[in-house]
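Only one chain is given next, in C-alpha cells, and it is the form predicted alone.
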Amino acid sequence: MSTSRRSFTREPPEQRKEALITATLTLMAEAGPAAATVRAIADKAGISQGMIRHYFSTKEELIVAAYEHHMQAMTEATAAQGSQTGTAADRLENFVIASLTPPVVDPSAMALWAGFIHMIRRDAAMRDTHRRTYYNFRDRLEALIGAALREAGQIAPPAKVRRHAIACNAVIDGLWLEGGALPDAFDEGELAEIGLTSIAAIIGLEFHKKERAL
C-alpha cells in the first residue's frame, strides 16, 4: 500500500490567493459553477483545503473574488488592446473595437460570465461586485465618449454623456454576449463594425474611415 501523499506548494500568500482564484475560474469555465468545489479548487491550485480558509473565510467569498478578477481582467484587456494614443475619437474607436474582438470576445469568458451572473440576485456581495465592475467599464467608456464629443465641438453635458455611455455599453454587452455564445455566426470583425456603426448613431459622431483589420 502506497503511503505517498500529495505535496502542496509553498508560495507567497498573494501567489497562493491568485492560484485559488485562477483554479476557481478554470473549473467553472470547464464544467460550470458546480465543478468549483472546495476540494477541486484546492487540488487544482495545489493547496490543501484547510489553507483556503487562510485567504478566504468562505467559498462564497472566493467565488466573489473570482468574479471580480474575471470582470476586471476583461476591462483591462479592452483598455490594453485599445490604443491610448491618437485623437479622442481614435481612442474611443479603438476601445470599442477591442471590446468586440478576441481575446475579449471569447466563448470561455462568456461561459464564465454566465456561470456567475445568476448569483447576483441572491447574493449581496456578488451584486456589489457586479455594480463596481460595471461602473468601472462604463465610466471608462463615458470618459472616452465625452472627450470625443468635446473634441468635435459638440456640447456634452454630463447627463447627456452618461446616457450615451449607458446606451453604448448596452450595445457592446449585447454584441459581446452573442459573439461569445455563437462565435461562428459572425464574420471576422463583423461585431466590431456593427458596434462602431451603432455607437456612432447613438452619439452622433462619425468615426474616421481608417484602415483596420475588421
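As the structure is a prediction and not an experimental result, all values here were calculated from the model. Numbering starts at 1 and follows the sequence shown.
Another form, the form predicted together with a further copy of the same chain, is not on view; read the next lines as being about it.
Trainee: Check whether F186 has any heavy atom within 4.5 Å of a heavy atom of a further copy of the same chain in the predicted complex, and answer yes or no.
Mentor: Output for F186 is yes: heavy atoms within 4.5 Å of a further copy of the same chain.
Trainee: Quick one: does E190 come within 4.5 Å of a further copy of the same chain in the predicted complex, counting heavy atoms only?
Mentor: Judged by the heavy-atom cut-off of 4.5 Å, E190 is in contact with a further copy of the same chain in the predicted complex.
Trainee: Give a yes/no on whether R162 approaches a further copy of the same chain to within 4.5 Å in the predicted complex, heavy atoms considered.
Mentor: So R162 counts as contacting a further copy of the same chain.
Trainee: Would R140 sit within 4.5 Å of a further copy of the same chain in the predicted complex, counting heavy atoms only?
Mentor: No, R140 is distant from the partner.
Trainee: Would you say all of S108, R121 and N169 touch a further copy of the same chain in the predicted complex, counting a heavy atom within 4.5 Å as a touch?
Mentor: Every residue of the candidate spot has a heavy atom within 4.5 Å of a further copy of the same chain in the predicted complex.
Trainee: Since exactly one of M51, V38, L182, A152 fits, which has a heavy atom within 4.5 Å of a further copy of the same chain in the predicted complex?
Mentor: Contact residue from the list: L182.
Trainee: Residues in which of 40 to 48, 56 to 64, 27 to 35, 141 to 149 have heavy atoms within 4.5 Å of a further copy of the same chain in the predicted complex?
Mentor: Looking at the other structure, the answer is 27 to 35.
Trainee: At a 4.5 angstroms cut-off on non-hydrogen atoms, which residues of 190 to 206 are near a further copy of the same chain in the predicted complex? List them in order.
Mentor: Residues within 4.5 Å: E190, E193, I194, S198, A201, I202.
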